[in-house]
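Consider the single chain below, provided in structure tokens and representing the form predicted on its own.
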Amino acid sequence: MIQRNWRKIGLGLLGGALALGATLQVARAEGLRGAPPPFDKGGVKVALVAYLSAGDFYQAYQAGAQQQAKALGVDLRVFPGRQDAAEQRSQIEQAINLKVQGLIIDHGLPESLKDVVQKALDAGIKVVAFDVNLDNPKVPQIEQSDHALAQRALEQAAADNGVNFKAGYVYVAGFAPLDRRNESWTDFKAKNPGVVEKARFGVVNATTAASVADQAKAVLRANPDISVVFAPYDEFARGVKLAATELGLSKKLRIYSADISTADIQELTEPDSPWVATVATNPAVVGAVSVRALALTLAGQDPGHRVVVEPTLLTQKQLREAGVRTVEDLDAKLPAFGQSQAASAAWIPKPGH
């Protein structure tokens, strides 16, 4: 899930900035041979409207979406919501006015989106959503299997620390993936009463990691018996790691997280890092799956209401022993991480093909 350095990963966006702050990829005019309508004729226009547009995960997600759209010959316009609910709403309105045929909603606050998404549906626009629950049977939901993601991280925490420890927990309600991960945390505590949540904190903003670091320093000073922090979003983990390093607690604290990027891998594998495990999907793969799910919907083919991309446990020890330094290394050394068959069809070309 938010803020970092996948600036190293080229987004491969074609064209320049559009009016209204969107980016444009030129569509393939001739269409896809053997594809169903409307992809057989080409010129399909879709929009990706993101709520959270800063950081490695989101830049990689958008890169994957761009690559899959290019393979499909789709004119994909990307609107960065900039962590602003009102701006995201406005950008969806802009996409409707541009008469796009399909719309991908990437995160957001359900209460600010449901009515404007219904407006898009009423205009005949097909909609899919990634990690935001719009509670609409007409909107397929793309998910990272957040329950499994959190469960696997917590299982690793139990394997490393037993089931009697004092914990810190980083959480912000109202975001679908975090809410689903929170359900796993609640279930884990209920099954393991020896796990005591000493402090709960968190914030999501344009500088999430730095803001969480400030909170974590106060929490760790006030609760020196905390030995484990569950931070089920990599920006949260980065903030807690920064706090632990500044306080000299790296050797007594263990951090368990979710999501992955090249910058995360560097922080996980550095000497004496307290960040010992994360569970993740490849964000570029999730972006590609989102585009494929929308393509199926546009072609009148049902991708299913829940389209799930399964995550992979990645431990510090595993990454070090495999010599993994980048997400590209993960793709090469753990092939299951770099691909998903979710929302696939014979007529949909894979990115790069």
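Counting begins at 1, following the sequence as shown. Note that the structure is a prediction, hence the values are computed from the model and not measured.
A second form of this protein, the form predicted in complex with a small molecule, is not displayed here; the remarks below concern that form.
You can rule out all but one of 39-47, 56-64, 311-319, 290-298: in the predicted bound form, only 56-64 has residues with a heavy atom within 4.5 Å of the small molecule. Exactly one listed residue, out of Gly168, Pro177, Pro140, Gly81, brings a non-hydrogen atom to within 4.5 Å of the small molecule in the predicted bound form: Pro177. The partner is absent here, but in the predicted bound form a heavy atom of Val204, alone among Val204, Ile226, Ala213, Leu134, sits within 4.5 Å of the small molecule. In the predicted bound form, the small molecule lies farther than 4.5 Å from every heavy atom of Asp264. Interface membership of Phe230, defined by any non-hydrogen atom within 4.5 Å of the small molecule in the predicted bound form, is ruled out.
Proximity of Arg77 to the small molecule in the predicted bound form falls outside the 4.5 Å heavy atom cutoff. Interface membership of Tyr256, defined by any non-hydrogen atom within 4.5 Å of the small molecule in the predicted bound form, is ruled out.
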